[in-house]
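Just one chain is shown here, as structure tokens, and it is the form predicted on its own.
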Amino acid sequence: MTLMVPRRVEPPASRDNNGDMSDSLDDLWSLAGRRALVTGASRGIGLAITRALCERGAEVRMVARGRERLAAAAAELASAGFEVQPWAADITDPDSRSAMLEAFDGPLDILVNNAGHNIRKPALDYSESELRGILETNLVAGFELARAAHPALKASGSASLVNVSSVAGLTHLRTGAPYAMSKAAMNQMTRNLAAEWAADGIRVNAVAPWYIDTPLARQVLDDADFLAEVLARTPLRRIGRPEEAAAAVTFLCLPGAGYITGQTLAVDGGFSTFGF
């Protein structure tokens, strides 16, 4: 699959009252001419992120493992007039990651590490292969992809890396210790890379959602009793929408967020701050 490399558009600048160059308000909220790569992009939060980035003017490479679902999602976005390129890849496979980045020639302005999965069990019930699989997908693959993409991100001069974490990395949830461990480590990875790569013009942030209305979340939210417990622990008393998580990710990619790095933004309806 060939990636069409678009003409790079540099945002115009205007002078402020002191004669210094500064972005106009419209430029601060635009991603026109920016090139993005989103993993886990064929459904749920990843698909919503892809759409939101496109709506701000970015050209997005959508990455996911399932070819048919990915092709259908890309066709839907393309029919709406958005600039997308689907790329089927398993980000846990080093060769697959390398092939994907080699085909993405030139600077990369935005990288969103969204791919991940969970197995909900008590801590004592996990097999070693399940543990390693969760850590490999949720943490190691994202870290290795970020490192491999570093030259392209640095070439941008003003790149944004956003990791899609979870409130499970901020506080205890009743099951899913390996998932929580992977997300807590992702939050620390965000801080470390933000500090290390700031001199390269790369900002690194994370978004930590609570329950979002996606097909995967519905596997547990369709249980009325479980849903009632979730809502009771959520001050806004509702489940989040994929578009709300995507909006947070997109904001962190915008020029207007250019002084924000090393942060983990909870998109959780108040869950992580709700004491007794």
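Bear in mind that the values here come from a model prediction, so they are computed numbers and not experimental data. Just count from 1 along the sequence shown to find any residue number.
There is also a form predicted in complex with a small molecule; it is not shown, and the following applies to it.
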Would you mind picking out the stretch of 230-238, 246-254, 52-60, 33-41 that comes within 4.5 angstroms of the small molecule in the model of the complex, counting non-hydrogen atoms?
33-41
Would you say all of G66, A89 and T137 touch the small molecule in the model of the complex, counting a heavy atom within 4.5 Å as a touch?
yes
Is W197 part of the interface with the small molecule in the model of the complex - any heavy atom within 4.5 Å?
no
So in the model of the complex, does any heavy atom of A159 sit within 4.5 Å of the small molecule?
no
4.5 angstroms heavy atom contact with the small molecule in the model of the complex for F104:
no
Evaluate V204 for contact with the small molecule in the model of the complex, applying a 4.5 angstroms cut-off between non-hydrogen atoms, and reply yes or no.
no
Please tell me which of L77, A149, A115, L193 lies within 4.5 Å of the small molecule in the model of the complex, judged by heavy atoms.
A115
